[in-house]
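The chain below stands alone, shown as structure tokens; this is the form predicted alone.
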Amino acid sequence: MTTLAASGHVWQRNWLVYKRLWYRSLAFGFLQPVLFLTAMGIGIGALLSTDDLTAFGGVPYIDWLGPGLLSAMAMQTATFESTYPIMNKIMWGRNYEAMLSTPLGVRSIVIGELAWMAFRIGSLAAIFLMVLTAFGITRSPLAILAVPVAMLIGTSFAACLVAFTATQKNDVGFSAIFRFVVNPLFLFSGTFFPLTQLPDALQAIAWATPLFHGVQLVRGLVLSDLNLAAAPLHLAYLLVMLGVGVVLADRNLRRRMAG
């Protein structure tokens, strides 16, 4: 059995579990952007004067905010999917032990899990994009490309977090990930305000974070003002992150399951 075919079985296993609850996930995927855009985009946006909007490129705050939230959703979904569920399959449910007693290998499990997470993130990103369109935020048909970019953002995070999860003996480390990685990235990667509002030193740190590059790509596609000179750099950053994460996830999970 080839690695790709075996990975398909891992994806199928996750689909069989998910399809019993898919409507709940998609309903939440619709409700979350509606609430955020209403509360923060319309609510906070109404407090901004015309002069304030110059910091957002002259577009309404809700338009500027929406693509950032879409990018952050991809990161957050990847985080939830690649921490506790993966640990459960390693330790508590021992799903991976059962899988490895079949022709499946560790690499097939890693690729299958990441393919599943990409599907989950892609479906939620598509719903999010429909909400942005309903709010009148999308400016170009190219906005549809924000969906695969969101999948890349999420899968890049997921690969690195699967590698991290494979090294953990309990769930204590997840608290540190949520508090000191996910939350700061959510707040300081250009999701809610331009990085130009930060001191130069903090701008440099924020620029080096992965979510910033994802936000720049998604916002540029949705608002039809993508910086074509910087876009290849943003894309390369996420692709390198994904590649490194896959290699580490494969290595760490292989060591964990052999231990």
Partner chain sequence: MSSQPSLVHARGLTKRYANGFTAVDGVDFDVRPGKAFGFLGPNGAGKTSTMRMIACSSPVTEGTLSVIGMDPRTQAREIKAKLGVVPQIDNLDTELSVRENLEMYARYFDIPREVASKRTDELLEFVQLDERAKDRVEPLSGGMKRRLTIARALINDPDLVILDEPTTGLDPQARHLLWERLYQLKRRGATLIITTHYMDEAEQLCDHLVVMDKAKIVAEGSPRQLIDDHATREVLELRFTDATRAALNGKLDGLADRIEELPDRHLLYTDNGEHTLEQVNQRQIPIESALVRRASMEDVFLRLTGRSLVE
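Computed from a prediction, not measured in an experiment: that's the story for all the values here. Residue numbers count along the first chain shown, from 1.
Beyond the structure shown, there is the form predicted in complex with the partner chain, which is absent from this document and is the topic of what follows.
- The contact with the partner chain in the predicted complex, taken as any heavy atom within 4.5 Å, belongs to Leu100 out of Ile144, Leu187, Ala134, Leu100.
- With the partner omitted from this view, the residue of Ile127, Met151, Val181, Leu104 that lies near the partner chain in the predicted complex is Leu104 [heavy atom within 4.5 Å].
- None of the heavy atoms of Arg24 is located within 4.5 Å of the partner chain in the predicted complex.
- The partner chain is not drawn, but in the predicted complex it has a heavy atom within 4.5 Å of His9.
- Taking the partner from the other structure, the partner chain in the predicted complex has a heavy atom within 4.5 Å of a heavy atom of Gly93.
- Though the partner is left out of this view, Arg13 does reach within 4.5 Å of the partner chain in the predicted complex, counting heavy atoms only.
- The chain is drawn here without the partner chain; in the predicted complex, the stretch among 104-112, 136-144, 161-169, 74-82 whose residues come within 4.5 Å of it by any heavy atom is 104-112.
- The partner is not shown here, but in the predicted complex the stretch 243-259 reaches within 4.5 angstroms of the partner chain through a heavy atom at Met257, Ala258, Gly259.
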